[in-house]
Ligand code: NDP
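The chain below stands alone and is given in structure tokens; this is the form predicted alone.
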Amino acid sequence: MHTDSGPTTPAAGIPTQIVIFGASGDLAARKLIPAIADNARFAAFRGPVQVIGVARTPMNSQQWRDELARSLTPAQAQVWPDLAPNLHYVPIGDSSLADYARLHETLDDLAGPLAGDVGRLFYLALKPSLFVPTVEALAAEGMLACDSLRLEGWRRVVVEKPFGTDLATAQWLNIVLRRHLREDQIYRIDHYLGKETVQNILAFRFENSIFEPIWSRQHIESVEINVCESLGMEAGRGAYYDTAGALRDMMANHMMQLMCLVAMEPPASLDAEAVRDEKVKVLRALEPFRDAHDVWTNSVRAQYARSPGETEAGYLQEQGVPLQSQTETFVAIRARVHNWRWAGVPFLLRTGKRLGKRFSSIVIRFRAPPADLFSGPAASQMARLRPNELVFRIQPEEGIRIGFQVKQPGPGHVMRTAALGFDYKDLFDGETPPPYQRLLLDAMHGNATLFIRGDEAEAAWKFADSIRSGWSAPGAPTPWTYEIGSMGPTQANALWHPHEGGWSQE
């Protein structure tokens, strides 16, 4: 999907500075610096780039470079000799205003005489509690002010998820950020939107005339969205995860975004604001649950549990998890988008930890034909018949598959399912860019199409909060349990109504 929203190319020779806060952390080493190296490898930058790492860990620039070099692939290592001299490390000390003044001076010194025209991307690879203090300190030092009409001298801030923990905290975060930044300077990143298959949803829908006319309630029976994970609380994540849970960690961001791309109306253009306007309309069209009982009927939460005779830790045995925790590691929801296109079509969303398979997919199931000419008129056969489905495979493979019925050779009319599809790695030569490679480049170019706008984040939290409210209501059922290696609790199957089918397995 081409989403370049306009020319933002600076004058030749003016550097771009990428300032990474939290530079000594895992995200910088595993994702951000490799993404920068890949963009350098493919000559994707429009001019010279300087990378400035900022963190409290005491070290110098050479020590930081040596640490980062260990995370590179052999292909990325080929450009490291040219890239490494442009990486600089600035210890932030106790984050006092004097520390930020010293950082400001360092950035200007690195930019040289072009300091007034250099573009700066501040990437907050920090825990959420540090977002606001960092932005306030940058603003106090005068490092965020810029003229929206100039191509040079821009200032942008990338904020990692989570964008709050509920509607109230998301609103507060947006208010504080907007005290110091315009909305067009804020880039709320969700790495799922950088995946090629996710980007291809809009291109598939709006560039193929055989699909757009049937993309509605008249022809689509259900939409299923899965983000299934086989990992659990590795690397001691239990204490953090217990403050979030599957609803906050996945449903309120990744999965809401996937749903928006499937359900949105055609935008007037691929301009960032036009695309994001349509996504917000989908979130606002989500039908609110009527009461707590409606939440209990249309959602299932659960925790993975230790199987009898097994030694693997269940969620309640994980390090940092309280023994009485009711935090969900699995959630499934039957959502309703109440608008002209989708009224009556269920959106079934499922995500969980320690499941039997790791995959993310979107399954579009089309309605059965009005009469089953080949298998006979029996109602039971018609109930089973789902001849056409379209599957967007997001991970671990990236591709698209469509299923249809064909007659099996021989006498009679025996039908079987066939499929057509493609995989990115088979169809396109070369590598599929990882999400951060694309998103980092878009932020540098000022293209916000694949980033989340403030009102998007708030609308998603409003829906998630309605579910949490039902779970905390008097008489609410406690989380179910499911075996490690299963595909979740059997109770989630009840979210599919009779004759609608069931959860996919890939």
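In case it trips you up, residue 1 is the first one in the sequence shown, and so on. Nothing here was measured: the structure is a model prediction, and the numbers come from that model.
Keep in mind the form predicted together with the ligand is missing from the figure; the text below concerns it.
_Interface residue in the predicted complex among 179, 127, 357, 425, criterion: non-hydrogen atom within 4.5 angstroms of the ligand_ = Only one option qualifies, and that one is 127.
_Between 340, 172, 404, 240, only one gets a heavy atom within 4.5 angstroms of the ligand in the predicted complex; which residue is that?_
Exactly one residue meets the criterion: 240.
*residue 481 near the ligand in the predicted complex, any heavy atom under 4.5 Å?*
Residue-level check for residue 481: no, no contact with the ligand.
*Taking heavy atoms and a 4.5 Å cut-off, does residue 217 contact the ligand in the predicted complex?*
No - in the predicted complex, heavy atoms of residue 217 and the ligand never come within 4.5 Å of each other.
_I'd like to check something about residue 22: if you look in the predicted complex, is any of its heavy atoms closer than or equal to 4.5 Å to a heavy atom of the ligand?_
Because a heavy atom of residue 22 falls inside 4.5 Å of the ligand in the predicted complex, the answer is yes.
*Does residue 95 make contact with the ligand in the predicted complex, using a 4.5 Å heavy atom cut-off?*
Taking the distances in the predicted complex, the answer for residue 95 is yes, it comes within 4.5 Å of the ligand.
_Partner-proximal stretch of 155-163, 268-276, 322-330, 202-210 relative to the ligand in the predicted complex, 4.5 angstroms, heavy atom_ = Selected range: 155-163.
*Residue by residue through 55-80, tell me which have a non-hydrogen atom within 4.5 angstroms of the ligand in the predicted complex.*
Residues within 4.5 Å: 55, 56, 57.
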